[in-house]
Ligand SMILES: NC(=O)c1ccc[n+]([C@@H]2O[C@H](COP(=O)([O-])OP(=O)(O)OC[C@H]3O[C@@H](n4cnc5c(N)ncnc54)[C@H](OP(=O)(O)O)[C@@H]3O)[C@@H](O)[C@H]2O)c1
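Listed next as structure tokens is one chain, alone, in the form predicted on its own.
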Amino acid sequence: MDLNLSLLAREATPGLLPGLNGLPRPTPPKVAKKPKKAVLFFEVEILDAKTREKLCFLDKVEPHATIAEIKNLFTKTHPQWYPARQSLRLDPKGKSLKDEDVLQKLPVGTTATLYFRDLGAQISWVTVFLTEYAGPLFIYLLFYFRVPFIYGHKYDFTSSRHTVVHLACICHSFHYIKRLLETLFVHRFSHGTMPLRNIFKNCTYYWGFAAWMAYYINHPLYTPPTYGAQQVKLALAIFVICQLGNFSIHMALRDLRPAGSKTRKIPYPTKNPFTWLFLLVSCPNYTYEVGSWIGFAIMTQCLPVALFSLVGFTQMTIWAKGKHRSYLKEFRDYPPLRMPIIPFLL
């Protein structure tokens, strides 16, 4: 009888379960499910950086959208401004945002304002380099073979009697053939395009200097270097060593960046002795490039070549200083002893 009453009492008391020693225990409370978070979208308005005119309003932009994706959305409403032509920035006078920058990581609210600048018509870096380097190669050979209307009819298609002239043509041609092949098979560009107007400026520089140098080196009245064969041999050694060094640095830089990526790493020397210059300078490719033209100037003892070397050294120093500052800013552990282009000096 007592057992039956005990069972009835348990059935009449919901939520009580037998515990240890037959004692009842409460039913554990139900855990409430957390509501799913709503996806937060961004609104992006794009204004003209000069006039502040609203050009585009993008609604419901994913927070993880990149600047490259925003450029593609902008192109749909303004097809004349393809992505490579666009510069988007947070401030009208600020720096351009990188294509890989993510919207939600930028210092903007859920309504982001970006400013647009037109970079002008663009052209691929590969096309620019091929045009820049093919021109000097072709122009120099015109003077070397003394095609008609350059030096006078009696010199048409004649050959120079000086060995250094032929050696200079081989070195000059080798340099630009090397550059063409590196453009096609070695270089990996962080930016796909550049403004179209730059190709005219660059070609004027390369083509003009090539014609100026070639005119004097291949002139019928050209005189060989003062110290003869010894000067030519020394200069040739400098040229060849620097050309090999330049190629070695380009290969080392290529191996730092996997194909299709924009990864940046600190360049270090490899087992190749030509890369050991990385211990002292940030841009040894420019160091070797300048050395090549110094060797060519000594070999030919030609003033236009010396001026070309000086102008090139000035420009490459500017580029090297910019890259050196970029390395120092991006990498805290960047080697402190390195200089931009000349060890211990510059």
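For clarity, every value in this text was computed on a predicted model and none was experimentally measured. Start at 1 with the first residue shown and count on from there.
The same protein also has a form predicted together with the named molecule, omitted here; what follows describes it.
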Which of these residues, V61, I294, M316, L277, gets a heavy atom within 4.5 Å of the named molecule in the model of the complex? M316
Ok, F239, Y115, Y133, F143: which has a heavy atom sitting within 4.5 Å of the named molecule in the model of the complex? Y133
Note: the named molecule not shown here; in the model of the complex, the stretch from 52 to 60, 294 to 302, 308 to 316, 65 to 73 having heavy atoms within 4.5 Å of it is 308 to 316
Is there a heavy atom of R188 no more than 4.5 Å from a heavy atom of the named molecule in the model of the complex? yes
Would H219 count as touching the named molecule in the model of the complex under a 4.5 Å heavy atom rule? no
Does the named molecule come within 4.5 Å of any heavy atom of N246 in the model of the complex? yes
Residue-level question: is R179 within 4.5 Å of the named molecule in the model of the complex, judged on heavy atoms? yes
Can you name the residues of 202 to 218 that have a non-hydrogen atom within 4.5 angstroms of the named molecule in the model of the complex? Y205, Y206
